[in-house]
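Heads up, the chain below is alone and in the form predicted alone; it's given as structure tokens.
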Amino acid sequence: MKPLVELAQVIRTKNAGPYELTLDIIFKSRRIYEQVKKENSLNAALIARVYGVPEPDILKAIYFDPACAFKATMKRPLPCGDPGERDIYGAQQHAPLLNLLLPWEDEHESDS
């Protein structure tokens, strides 16, 4: 197992409209990306589990080859700007991903 933070160069969230949030994970190298993609280490079921939401709330979960990235779009718990909503830009929702461990074999280098 390897922490996602050691495999990814960027882990971020942002608004995808007032009702949706997008997660972006951009990997440090094509080699790392291809390994994660091959093993399907990131998927809608995992994102739902990490965020504690029903899997149908994960609207899209894709590997995006041109950017060596995994992207997921999910329903926001509260619409952007709604009373009680605490992150109007959706930029502070990546924290649950920071502790995520992905399957990884020791012979793979995480920085090449």
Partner chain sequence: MKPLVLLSPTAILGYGFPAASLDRGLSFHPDVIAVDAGSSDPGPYYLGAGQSFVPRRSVKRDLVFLLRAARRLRIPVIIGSAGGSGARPHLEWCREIILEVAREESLSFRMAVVPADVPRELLLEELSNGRVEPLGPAPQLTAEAVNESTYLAAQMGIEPLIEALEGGAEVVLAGRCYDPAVFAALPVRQGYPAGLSLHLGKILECAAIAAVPGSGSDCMIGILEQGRFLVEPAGEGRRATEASVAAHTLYEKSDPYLLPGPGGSIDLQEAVFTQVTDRRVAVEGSRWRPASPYTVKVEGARQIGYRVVSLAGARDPAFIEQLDAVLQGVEERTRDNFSHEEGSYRLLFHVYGRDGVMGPQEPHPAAGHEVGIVMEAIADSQEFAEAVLGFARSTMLHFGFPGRLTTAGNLAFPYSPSDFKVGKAYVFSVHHLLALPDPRQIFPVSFEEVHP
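Numbering follows the first chain given and starts at 1. Note that the structure is predicted; figures quoted are calculated from it, not measured.
This protein has a second form, the form predicted together with its partner chain, left out of what is shown; the following refers to that one.
J.: Could you tell me if residue 16 has a non-hydrogen atom within 4.5 Å of its partner chain in the predicted complex?
T.: Contact check for residue 16: yes, within 4.5 Å of its partner chain in the predicted complex.
J.: Indicate whether residue 80 is a 4.5 Å heavy atom neighbour of its partner chain in the predicted complex.
T.: Heavy-atom contact with its partner chain at 4.5 Å: present for residue 80.
J.: Given that the partner is absent here, does residue 88 sit within 4.5 Å of its partner chain in the predicted complex, heavy atoms only?
T.: Yes, residue 88 sits close enough to its partner chain in the predicted complex that at least one of its heavy atoms falls within 4.5 Å.
J.: Given that its partner chain is not shown alongside this chain, does residue 45 nevertheless sit within 4.5 Å of it in the predicted complex, heavy atom to heavy atom?
T.: Heavy-atom contact with its partner chain at 4.5 Å: absent for residue 45.
J.: Taking its partner chain in the predicted complex, which residues of 57 to 85 have any heavy atom within 4.5 Å of it?
T.: 59, 60, 62, 63, 64, 65, 66, 67, 69, 71, 73, 75, 77, 80, 81, 82, 83, 84, 85, in sequence order.
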